[in-house]
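As structure tokens, one chain now follows by itself in the form predicted on its own.
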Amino acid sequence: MTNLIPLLPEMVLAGAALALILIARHVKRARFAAAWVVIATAAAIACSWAFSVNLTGPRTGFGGTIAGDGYAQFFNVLFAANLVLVTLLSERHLDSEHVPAAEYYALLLLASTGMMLAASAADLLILYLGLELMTLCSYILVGITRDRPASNEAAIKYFLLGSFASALFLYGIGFVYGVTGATDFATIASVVSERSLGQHPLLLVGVALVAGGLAFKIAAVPFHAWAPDAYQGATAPVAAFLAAGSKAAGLAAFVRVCMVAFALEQHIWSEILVGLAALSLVVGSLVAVSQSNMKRLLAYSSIAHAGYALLGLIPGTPDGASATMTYAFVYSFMTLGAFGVVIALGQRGEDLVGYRGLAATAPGTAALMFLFLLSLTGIPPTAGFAAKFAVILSAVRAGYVVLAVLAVLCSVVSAFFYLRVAVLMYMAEPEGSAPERVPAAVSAALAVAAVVTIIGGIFPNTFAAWTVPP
């Protein structure tokens, strides 16, 4: 029984998903399935909190391969919040796109289960299982609107590139196991220390391959090519789920692997992360300037934000890891908020032209979008500014001044394409009729995202106080 305690949140979500699949033929209304998801998510977090308070023994299970520590609980809460918000944002699209509700929500539950398992993993094989469960469900979610050619094409591209990244990750695990004889993080670190294997060439190859596999999950350059097509081809709620959840899961895996398993190879993976961060910042910021589709713009934005998030991890310090965790948390809400506005506007929200004069026809929606754009840019007093300041400061303190300057310059570039949307909303004449009334569920999700974005900016240490590096 002790082994199962760290896995209780994952078991609750997986059980809810299986129940939805079993009763799929009888689920005719999306709201019933959505309520099931929200209840299951709340139960999962309640179980996690209750046992974290009452458990006094070791917080690991299955021979130390599953961790139930504060780090895992932090990301469990984040993934649960993402799941609830995406569930609220999905109500309109399920009807308009004729998507089967039970299957759709079951996939969301299983993907979130994989994310939680990845954050809790203390073994490379368990980490692989968690990430693959997340990714396999994501492939299906991207292509779930089978009647749309763009969706089918995006799913195939995502699947092919994802298979290549999975192979890289498995090869990396193989090299690490071949050198150390272990796959659990604690043993890997112990063996490398005892045998002085820090400079072993095959181990270095393994570290590089594992980093490449994880870089795909966060859409870091040069493993980013899937993101723009997947975001554009998928429905907006699925794109929001990928942007927030998949990136947070990849960052959760990155932090634990680098800080625990490969702690003694810090000089190697730091250089790898410097390259990934610099390329992601430059490519994501510059290519986003030329985008006219809102989902593609947010896709390249997410690529750039992957670079910002990695800045905190590069120094290999607890403070830097905490900054990366905070960035993952804040980014999830502000990007869900931005996608939420796209969803609220319907089809017109997917093209920049649809934002012309939005402040005149829907001032509340325009104000929310402006808030999320400010946060994505990193302008105070928003949570995005506090998170971006923390990761850049950690890079400066570690001596990566040039990289920090590059990050600031890329922020200036990003201000152009983010605020271009604001200019269209507030300084252009409206075209067409006013947008449809925003559904109550979407409004609730936008309100939650806005509150987190504001609180994180006015009280910047609010979320940082919850971060507990592994």
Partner chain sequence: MTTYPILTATTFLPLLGAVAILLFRDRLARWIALATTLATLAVSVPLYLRFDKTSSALQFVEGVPWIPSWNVAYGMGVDGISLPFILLSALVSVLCVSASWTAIQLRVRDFYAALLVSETAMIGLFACTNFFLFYVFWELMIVPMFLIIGVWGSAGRVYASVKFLLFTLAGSLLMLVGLIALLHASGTLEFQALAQTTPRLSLERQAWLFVAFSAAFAVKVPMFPVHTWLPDAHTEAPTAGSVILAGILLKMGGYGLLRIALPILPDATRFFVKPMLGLSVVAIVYGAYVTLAQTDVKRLIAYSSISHMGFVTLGIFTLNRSGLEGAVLQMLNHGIVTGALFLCVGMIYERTHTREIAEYGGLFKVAPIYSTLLAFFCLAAVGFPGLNSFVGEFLIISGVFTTWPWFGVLAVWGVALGTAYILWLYSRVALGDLRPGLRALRLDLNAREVATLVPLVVLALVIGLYPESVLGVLRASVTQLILAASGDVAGRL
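Numbering follows the first chain given and starts at 1. What you are looking at is a predicted structure, and each value in this text was computed from that prediction instead of being measured.
The form predicted in complex with the partner chain exists for this protein as well; it is not shown, and the discussion that follows is about that form.
Q: Can you pick the stretch from 213-221, 109-117, 269-277, 396-404 whose heavy atoms fall within 4.5 Å of the partner chain in the model of the complex?
A: Heavy-atom contact with the partner occurs in 396-404.
Q: Please tell me whether the candidate spot formed by Ala19, Ile23 and Phe62 is one where all three residues come within 4.5 Å of the partner chain in the model of the complex (heavy atoms).
A: Heavy-atom distance to the partner chain in the model of the complex: none of the three under 4.5 Å.
Q: Although the partner isn't part of this model, could you tell me whether Ala447 comes within 4.5 Å of the partner chain in the model of the complex, counting any heavy atom of the residue?
A: Ala447 lies outside the contact set for the partner chain.
Q: Although the partner isn't part of this model, could you tell me whether Ser411 comes within 4.5 Å of the partner chain in the model of the complex, counting any heavy atom of the residue?
A: Result yes; Ser411 sits at the interface with the partner chain in the model of the complex.
Q: Mark Ala359 yes when one of its heavy atoms lies within 4.5 Å of a heavy atom of the partner chain in the model of the complex, and no otherwise.
A: The answer is yes: Ala359 has a heavy atom within 4.5 Å of the partner chain.
Q: Consider Tyr139 of the chain shown here, and say whether it contacts the partner chain in the model of the complex, taking contact as heavy atoms within 4.5 Å.
A: No.
Q: Just give me the single entry in Ala102, Ala121, Ile392, Ala81 that has a non-hydrogen atom within 4.5 angstroms of the partner chain in the model of the complex.
A: Exactly one listed residue reaches within 4.5 Å, namely Ile392.
Q: Can you work out which of Phe385, Phe169, Phe75, Phe262 has a heavy atom no more than 4.5 Å from the partner chain in the model of the complex?
A: Only one option qualifies, and that one is Phe385.
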